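Read the single chain below, which is given as structure tokens and is the form predicted on its own.
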């Protein structure tokens, strides 16, 4: 045992620089992700700040029952799932498609320009993005001025339910599609070019190369990212949802994350907000576990 301990200690010392580089990441997750889990017990308490977490009285599952019986419960679930499903249908495949198209571009300069242009929106502040949406789609915005010039009646894009989801998904697509291609382009570069050369010799065209070499080559990456995405089906980009929200579209824009914000920070109902957040996290975990199990059963790729 002493010999094994010395060997492990020697190995740790040998990799001390790598461990030092990993330390900030380790402490970040411990401090900001694991230690705060202790506070989840307020979901089962009537939390009062002056009594503290441990001193507040236990109320069991009362906060959860209150949420399940509330008028907003099914509406929140519906809105959260609808936004995520639209995002999954329209946004998730687009970085894959763009990466495949960029992979076929032979002119390096043109390819670099397209990548740069598609990456830029990702670095724009979300507040600026929402400000642009308001400037373009408000009643007196550029879009309404253009369609008014064409003789079409101006639309209330920002204050109606029917336009909220298209604007939310469309702006997400514009902002993140380029950034999302990075990991797929990296996966494409790992495919052995000898496979393409062999396919060319056998007379395979571009489409057959795509079907039989390219897509199978990046399939593990697609599956892993799909599993992770479905594991966040109960989570929506809180900031943009809230910034685009107003009384005219709140019927479709009120999701679990904004509801937790209102209950927890605005109404200071910390225990109830913690219960809703815990319920949200449990559903995400169950979805992640289910999809990972199905992926492991039907393919060779899974998270664990």
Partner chain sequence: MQNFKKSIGEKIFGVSNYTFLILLSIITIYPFYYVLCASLSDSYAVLAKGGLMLYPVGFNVGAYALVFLNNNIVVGYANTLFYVFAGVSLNIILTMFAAYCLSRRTMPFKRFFMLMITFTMYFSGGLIPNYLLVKSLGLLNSRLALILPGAVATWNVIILRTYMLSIPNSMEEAARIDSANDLNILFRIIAPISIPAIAVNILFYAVGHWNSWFPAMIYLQDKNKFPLQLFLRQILIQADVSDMADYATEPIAENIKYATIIVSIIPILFVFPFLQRFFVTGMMVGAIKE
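Numbering follows the first chain given and starts at 1. Being a predicted model, the structure only gives us computed values, none of them experimental.
Note that the form predicted in complex with its partner chain isn't included here; everything after this is about it.
Undergrad: Look up in the predicted bound form whether residue 131 has a non-hydrogen atom within 4.5 angstroms of its partner chain, and give yes or no.
TA: Taking the distances in the predicted bound form, the answer for residue 131 is yes, it comes within 4.5 Å of its partner chain.
Undergrad: Heavy atom to heavy atom, is residue 116 within 4.5 Å of its partner chain in the predicted bound form?
TA: Yes, residue 116 sits close enough to its partner chain in the predicted bound form that at least one of its heavy atoms falls within 4.5 Å.
Undergrad: Give a yes or no for residue 156: in the predicted bound form, does one of its heavy atoms lie within 4.5 Å of a heavy atom belonging to its partner chain?
TA: Answer no; every heavy atom of residue 156 is more than 4.5 Å from its partner chain in the predicted bound form.
Undergrad: Does residue 47 reach its partner chain in the predicted bound form if we count a contact as any heavy atom within 4.5 Å?
TA: Yes, residue 47 sits close enough to its partner chain in the predicted bound form that at least one of its heavy atoms falls within 4.5 Å.
Undergrad: Give me the residue from 196, 91, 73, 81 that has a heavy atom within 4.5 Å of its partner chain in the predicted bound form.
TA: Exactly one listed residue reaches within 4.5 Å, namely 196.
Undergrad: Looking at 215, 85, 142, 152, which has any heavy atom no more than 4.5 Å from its partner chain in the predicted bound form?
TA: Looking at the other structure, the residue within range turns out to be 142.
Undergrad: Its partner chain in the predicted bound form: within 4.5 Å of a heavy atom of each of 61, 67 and 234?
TA: Judged in the predicted bound form, none of 61, 67 and 234 sits within 4.5 Å of its partner chain.
Undergrad: Taking its partner chain in the predicted bound form, which residues of 208-234 have any heavy atom within 4.5 Å of it?
TA: Stretch hits, in order: 209, 221, 224, 225, 228, 232.
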